[in-house]
Ligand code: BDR
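Starting off, we have a lone chain in the form predicted alone, written out as structure tokens.
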């Protein structure tokens, strides 16, 4: 069986870290390219984090291209008021769930030789699509800025995209400002372009990611493998549980934690991990004061519009954790 060619677009982030480990260490996938986009942290930090993770797990052969450092339309700092409001409404620990570096909890070796390639993400993504004999699956794990620009700049290559498997949004798991799902909020206009593109979309939003919760037993299973990838993953999962649950105390999580972005990669590796989903029509709010970037899912079919998104609600958690362990053990 041939490998699935994929592009991973990310903004690491602890959950992006786990997603990269699954993508790069799964024999089912052929990661053609990793791209970065400003989201969890500014572009410089998320790019550094992605390079560090890829080098540490032995994925230096996979090219990485830097992408957009701001949304398509909105100011670079438009997310700052959201973060300030968030801190007023919750018991956020300092520097949020991912820490000052965007990947707090592990010290990577200095002088990493891996560098970004010499072209920007959108051009690199177009090159992969153009040169691939198979259709390519795109896996966005951050704001959709790079992907939206790809669709607008290279419309003739849309037919080369198999599907978009993304982490973002929510359906019945209702958030309002300041608790909007972050990826869709950061660039609502990009989100709208992607969701209206006609490309098949699988959406792993908060409805599913807050049901796939790892605990200390999963960390211990991963840590039991004697390689540096498993050690890195276990340390960062432990740090993320502390930071995430400290930042989102109102969720009531103590000994468990979501690993959001990894869901969108795991579902590409093994679609049978999805145990509950619905095909729905999803609109994107871009003109509201409170719900910009909201994924408005017509789960009651009141509009009678054609479904454009497969919205995932549940996954096989135990097999998901087995995959996390297998891929961590398979790294460097």
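A quick note: this is a predicted structure, and the numbers were derived from the prediction, not measured. Positions refer to the first chain, counted from 1.
Heads up, the form predicted in complex with beta-D-ribofuranose isn't pictured, but that's what we're talking about next.
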| item | value |
| --- | --- |
| Selected contact from 190, 150, 203, 141, since only one has a non-hydrogen atom within 4.5 angstroms of beta-D-ribofuranose in the predicted complex | 141 |
| Selected contact from 103, 125, 208, 167, since only one has a non-hydrogen atom within 4.5 angstroms of beta-D-ribofuranose in the predicted complex | 167 |
| Contact segment among 113-121, 154-162, 181-189, 131-139, judged by heavy atoms lying within 4.5 Å of beta-D-ribofuranose in the predicted complex | 181-189 |
| Proximity of residue 36 to beta-D-ribofuranose in the predicted complex, heavy atoms at 4.5 Å | no |
| Sequence-ordered list of residues in 1-29 near beta-D-ribofuranose in the predicted complex, where near means a heavy atom within 4.5 Å | 11, 15, 16 |
